[in-house]
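Below sits a lone chain in structure tokens, taken as the form predicted on its own.
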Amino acid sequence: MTGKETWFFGSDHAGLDLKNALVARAKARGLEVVDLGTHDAASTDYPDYAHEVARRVAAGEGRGVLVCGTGIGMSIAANRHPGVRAALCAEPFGARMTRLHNDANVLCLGARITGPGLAEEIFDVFVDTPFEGGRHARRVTKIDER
């Protein structure tokens, strides 16, 4: 990694347009971006992208953003990886709290649920909110021990 944190993006076909909008948003913010696909509208399997992003995050290479139709499948698949704390967020308050209290490292979004303007706001909050630590660090350690 260079001096900037890397952000890994992945989506299935249902999340393609929203993922592309968020990739553009991340680049406009000057973030280091790796788009792991999908890159066209052909039907795909969301676990393929969730696992690829989660592997990178679990390896400590950066944080991730996953988008499918609802965000549910992506979050389930990503959370199968030790050290990954994927959070499905549908509004900015949840994004803020999952960063503050859970040190979430993967943001999951549902393209059929959350429009692009709101998704960009959620993404910005997720990126900009630091982990609070303190008593929450003990709790995150307990999550990762299981």
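The first residue of the sequence shown is number 1, and the count goes up from there. What you see is a predicted model; the values in this text were computed from it and never measured.
Here the subject shifts to the form predicted in complex with ligand RB5, a form of this protein not shown in this document.
- Interface residue among T38, N105, T98, T70, judged by heavy atoms within 4.5 Å of ligand RB5 in the model of the complex: T70.
- H13 belongs to the set of residues with a heavy atom inside 4.5 Å of ligand RB5 in the model of the complex.
- Within this chain, Y46 lines the site of ligand RB5 in the model of the complex, having a heavy atom no more than 4.5 Å away.
- The stretch that touches ligand RB5 in the model of the complex, counting heavy atoms within 4.5 Å, is 62-70, out of 85-93, 48-56, 23-31, 62-70.
- Taking a 4.5 Å heavy atom cutoff to ligand RB5 in the model of the complex, the one contacting residue in 103-122 is R112.
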